[in-house]
Each structure stands twice: as C-alpha cells, then as structure tokens.
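Same chain, two forms, each on its own as structure tokens: structure 1, then structure 2.
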Structure 1
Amino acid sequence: MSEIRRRDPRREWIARNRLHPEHASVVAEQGGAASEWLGPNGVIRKNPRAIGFIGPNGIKRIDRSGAQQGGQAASAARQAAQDSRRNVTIEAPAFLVAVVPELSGGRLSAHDKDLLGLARRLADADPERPGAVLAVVFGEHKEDAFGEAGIDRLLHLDDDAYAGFAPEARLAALSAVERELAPRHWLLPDSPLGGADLGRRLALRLSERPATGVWQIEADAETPLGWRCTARGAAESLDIQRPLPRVALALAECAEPVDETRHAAEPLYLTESIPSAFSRIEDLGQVAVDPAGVALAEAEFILSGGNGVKDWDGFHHAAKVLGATEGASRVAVDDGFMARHRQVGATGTWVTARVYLAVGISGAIQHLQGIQTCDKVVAINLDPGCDMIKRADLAVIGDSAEILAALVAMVEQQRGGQRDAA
C-alpha cells in the first residue's frame, strides 16, 4: 500500500476561505482551523490569516469572524462543551452551601453564576467529605440550566408572597431554611438589585457579622470555617482580609463560573411550613423607566445603529416602541447621528445586554470586542458576508428601514390586540 499522502487542493482552499459556504464543515472534518497544510512539494504551508497566527513581528491575528466572541461557530462549540460535561451527583452531602441568586430577568445572571462558582469552591474543597450547593429561588423564572451552573439542590419558592419587593417574606423563608437545613455558608450577591439588602437582613436575623464586598477567598486552616476572604472596603479604596463568616455578600467576578461539570439540581422541599410574615412594606410595582435614560453598560436590550442606517427617525421610533436603549457604532457617532456616550465597542462602552440588535453595523473588531459578553446578538444587514452577520445568533438580510418598520408594526399590532382583549 502506498504511503503517499493524497491531497485535495479544493478542500484545502475551502478550509482557508472562511467566507465559503462549506468552510465550517471542512474545518470540522480537519479537527480545527486550517492554519497549516501540506504543499505540493511536501513543504508545510502556513496560513498567515488564520486566527491566532503570530507573524514575524510578533503580531497575533485577531478573530474578526466572531468565533472567539461567540457567534454561530462559537455557539456550536459551547453546545459541544455542554454535552461533554461530567455529570456529578452528591447523594449524601456532608454540609450545604446556600446561595440566593437574584435571577435578574428570570435567568441566572453572570453575577449569579460567579456566586455559584464560589459556592462550588467551598463545597468541593474536601473530596473526602464533599458538600452540596443549595440554591433558594423565589418566584417565577425562565432558567432551565441550574445543573450546568453547579447547583446540587434546588429549593423553589413560587408563592405570590415572594413576588416583587418582599424582603420580609423572603427573610422568613430563609429563616425556615436555616432552622431545617442549617447551611454552613450563606452566599448572596452584593448588588443593588436586592441581594445586598436581603443578605444584610439575613445576617442580622442570624446574629452574624457578614462579609460584604467579597471578591476572593482562600483556604486558611487557622480560621474557624477554614477559609479567609478578601473584601473591598473604604469606598473600594482598599482590601480587607478576615475569616470567612457564615454570611457573605460577594461581588461579580468573585470566582470562575462552573464550566466542566453538570450537577443534578434535584428539587428540595421543606418539611415544615413557612410562617407567613407580616409585611410592613407595600410593593407598588415597578416604575416605568425611559430606556433612553439607561446607561449602555446597564441596559438589558440595546438597539444599535451603524453606517447602514439611512432613516434615523425610523430608528429612534423603533427604539421607543421596542423599549430598547439606543447604541451606535463608531462610524455613526463620528458622523454625528448619535452622541458619543452611545458608542458601543472597545473604544466606547463594553455592553452586557441580554439582547443586542445591531442594525446596519458591519462588525469592526473593536465593536465585536465590546459586545462579546452579550447573551443574544441579532443582526440586520444587507451584506450577508459581513463580520456582524457571522457573529450574530440570528441574522436578517435585508433593508434595515423596511425590517424595523415591519417589526414596529408587529409590536404595535400585538399590543393593540392585548388592549382590546383587556
């Protein structure tokens, strides 16, 4: 049998051409990016345009296609990583680490996942006597990946008494959890969305001196619970170290989120009934906020315009109807269509929106860097080969003015039908 290696020049060319329709399948067959291949004379050829290629001047190629930022290729890679996670079930945990996530928007936020990663560090510190992470969730939610976030036990309290701003009712429930399950640690997010307030109320109820602003923990056998924490103090001007108490309020990025294991997230129920707490607080509901007044860094839904937007009046109307915060590319800002504080990207504002709707934006690398942590990216563009289309989770090819007008009409029609039904 001949040992001569047969080449397929056409498939090699497709592997090097990321705009070819068959590029993704050919690269997958080769087990990765086509950065190297065998030339006709037996010499290994290298692709200087491959992602990660380091040139003679030490300059590394940056991904403009969105694979590193999280486009369709990265979504497939994330799904493959999800499928390859190791399943973990803790039958008889030695102790519990209780976490009270905020579930902003009904789903685990990045802050919640960091907090659960911190809880896993505490629970998995001793392989001989592992603990379990207990999540206490209030009200309705849309989350279906509690196990992927590192949760072993899930206590879901969906009574109407916990809806909205109800700190006294939630505190009564957490007190019942404390009496029945006695977690070794209580972890809550130190944020203004409710975790900071509830955590301090819980610490007072348990007669504990909480650690606030925690951003790091490390093992310390000389402390009562075996851990020492580092927290921000003095208006975040210095770090304070102290033994980790039972109640800790942690900042975002306090730990790496769980990404290698999938846990059981088994439902848990309390045997004792939770006493109804007399509430001295009346929740008057949420106050309507003008999306135009929301800072880009805090916005959940962003409608962003670029050089492809020709009807800016229609764009502003669409943002108002959809309830979206307006953003823009650098080109649109430089042309004077949007204010400088609305610029999205590495040279503007890094955004973490749950939905980012990019209209007429081609996708410069600085812009892709600024939206890399957005959950879902929707792109409207006339160019099917632009980098923003490759980055998007959902792409719509067509005229932006017509598509936005149709979207606005659908929203207004649906709202009109709901008013008629009411």
Structure 2
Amino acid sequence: MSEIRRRDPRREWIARNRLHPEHASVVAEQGGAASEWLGPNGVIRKNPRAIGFIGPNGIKRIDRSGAQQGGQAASAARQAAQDSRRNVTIEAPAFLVAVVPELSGGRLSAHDKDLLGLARRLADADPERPGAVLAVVFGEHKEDAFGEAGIDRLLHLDDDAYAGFAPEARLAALSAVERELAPRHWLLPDSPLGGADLGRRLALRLSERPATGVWQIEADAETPLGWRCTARGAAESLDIQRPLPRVALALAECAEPVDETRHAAEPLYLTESIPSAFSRIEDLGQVAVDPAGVALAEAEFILSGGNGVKDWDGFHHAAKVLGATEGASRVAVDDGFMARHRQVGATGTWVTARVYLAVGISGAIQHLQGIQTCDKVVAINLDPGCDMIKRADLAVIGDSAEILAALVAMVEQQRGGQRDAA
C-alpha cells in the first residue's frame, strides 16, 4: 500500500457528520482513520465522537481495547495493542529475583516467559517495596523483547566459555552473581537441558535444597521467604507443598507470562571478574543426527504413511521438509516400503508424538492403539469413513500426494518468509 495519504474532504466531512445518511458506511470504510486524521496544517485531529461503531442492534459500541471496528485497521490495531503496555521502571529495587532463562534457540521460550511471569509475582508482591527481576543470560542471543517479558535488569554474559554444554563455567558465573548481587530468589526453568541441570548445580553450590518441578506459588507470611510452593515429585505422581526455598526450578505454565507492562531490561555488569573455572567436561559439539534416524518413540512430530501412499518419494521429501520423523503402518512395512522399526502400532512402536500426521492410513485397531498417547492426530485419507478419520483431530479428505505437495510448498514459503523478515 502506498504511504502517501490522499484526502477526500467530502468523505471526511461525512465522517464527521454523524447525521449524514452515508456516515456509517464511510466510517466503516475508513476504519479507525475516521476518529483521527491529519489536519490541513499537518496536525493530528481527533474526533472523540467518531470513536466506536454502530453495533448490530443499532446501538453505538465503543471498543476500549484500542482498535476500532473496521477492515483496514489491522496494522493500527497491532500498534495500539503494543502501545497499551504500561512502562515500568524500578529504580531502587528492594531485592532481586534472579532468573536464568534457557533461551532455546537464542530466544526466550514460552517456558522462560512463564518463569519471568512467576518472577514478577515474587518481585511485585509488595507494591511499596518492589523487587527487580534480574535475568542472567549466557552467550549470544537473538531476543529483543526482554523488557516486554518482564525483565528489569539484564546481565548478559557473553563469552565463549559459556557456549554449548558448560555447566562448570556457568556455575562459576552464577556464583559470582550470588556473591555480588545476592538475589533473594533464584528461579530456573525445570527443563531437561535448560535450567534443570544448572539449577540443581547452583542450589547445591549455594547449599540450598531447591524446590523442583514447581508449578504453583502462593503467599504465606509464615515461611522464611513469604511464599509457599507446590511442586511435582516422584515422577509426577506427588504434589509437595513446602515453603519456597531460595532456589526454585519451575515447570512450564507455572505463571501467566507478562503482557501488560514493559520493563526496562537495563543492562547490568558485574564489577569483579568471574574466575575461570577449571573444566573437566569438554563439549565437542553437536553430532549430526539424521532426522529420519530419530527413534520413533522419541519423536515429537511423526509423518506416517500407509496403504494409501502411492508416491513414496514425495512422502520422504515431505518428511524432510517438515522435519518430521517417518513412521509407517503395518501394511506399508509388509509391502516393503518402510523398514520394520518404523512401524507404528501395538505390534510396532507405541509413539508419543505431539503431532501425528497419518497419510493414507485407514487405522487398524492395533495402529490406533499405538498412537493413543499422541496429542494431535491429523489424517489425510481418501476414505471419509475410515477409523483414522474418526480418531483424528483434523482430517482432510483428498489425494494425499497433492495435499502433501501443497503443504510442502506452504512450509517452504513460510520458512522463506521468516528468513526475509529476520
């Protein structure tokens, strides 16, 4: 769309005149622009009466979320949504809540954001004496929205020593943070290769007995830190209620992520240098693993083919593009299209994938048993009456080869688009 605004004085006049018979349609056409426009002198003019729209019952409705009813208002609406965040700056925090996000892929993960939400609850509990959330970030990152996630202070430790698996170096750095800043709380995500490891090391270094698998906290004045937590124990089978210790490892969805405030994410530096730790663990780097070689039981996204797949080259190509692990039905294995260890089902592998994309599989009972713990099942099949369709969360009836090809094209386009945007 062109950036040059073209003005239509008549329509502007109609838009201002609520009594004009064409008023409603013009307002609808102009969207949000009707209440706010550039005056002849280049000054923004506002019409407070133009805010809102006529609802289906003929009653005027005002939407205070910042967006007006209207087709063209999408980009303006997004702008407004971001603008609605309140800026918060905590100058002199009463205490620090240290968070070590896992930063998977260089960005704050959903788990990190939940954890920061939890940190905010701890920090903001007493409005008189607010604490600050300190994030300790290791290595390079691509995140640019630390403030939006609720971080007041950002300690970015960028050094090659922290790259890869470097628990000893990271632990030394966190010990230095502890010495210098002495945060009241340490929060880490209890995620397999994020904070689960580092958090436990830190706790023992600080001689604390950490709470692990925390998923809920509530204020309790009788405990040393003023909080109680509920934590999962014994392989997810127990809830342990205990006073919140200084070091807590929290599960995903332990709190709502921050979405109403924007924080300063003010950079912070340690004054003393971190002693370099003698490392007995050396990271030799990631090993190239063929996505097709990932064990079926471990895979979180499986593209599974059955009797209805005719174009196996297309199928393998789709699996590669989607980054999915390949599975197969018994028939496909019996017919020699897939190796036996790729067979999904009661007689093959019981899979636990988050998404199971079944292509041309009618869904024998044994097969359905094998996928019963899958979160989402998507089926592509020609036969709308087959059992797999009944099981599927989403089913598309049609030619599997065409649909897969279209899906592959879309995924490639989406990836391309992302790369352009980045």
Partner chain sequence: MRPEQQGIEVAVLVSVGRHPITGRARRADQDARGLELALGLERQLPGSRVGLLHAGPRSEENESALRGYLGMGLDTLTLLEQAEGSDAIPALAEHLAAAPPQLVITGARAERGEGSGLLPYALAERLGWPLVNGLAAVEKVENGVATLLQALPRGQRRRLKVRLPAIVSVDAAAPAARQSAFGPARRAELAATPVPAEPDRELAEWQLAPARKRPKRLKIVKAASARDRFKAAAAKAEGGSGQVLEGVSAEQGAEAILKLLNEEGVLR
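Residue 1 is the first residue of structure 1, and the numbers go on in sequence order from there. What we label the rigid core is the largest C-alpha set whose atoms superpose within 1.5 Å from one form to the other. Since this is a predicted model, take the numbers as computed values, not measurements.
Between the two displayed forms of this chain, it is structure 2 that matches the form predicted in complex with its partner chain. G117 shows a C-alpha shift below 2 Å between the two structures [criterion: core-superposed Cα displacement of 2 Å]. Positional change of P183 between the two structures stays under 2 Å at the C-alpha, relative to the superposed core.
A299: CA moves 2 Å or more between the two structures after rigid-core fitting. Core-based superposition between the two structures puts the Cα shift at T325 at 6.0 Å. For A406, the Cα deviation between the two structures after core superposition amounts to 13.4 Å.
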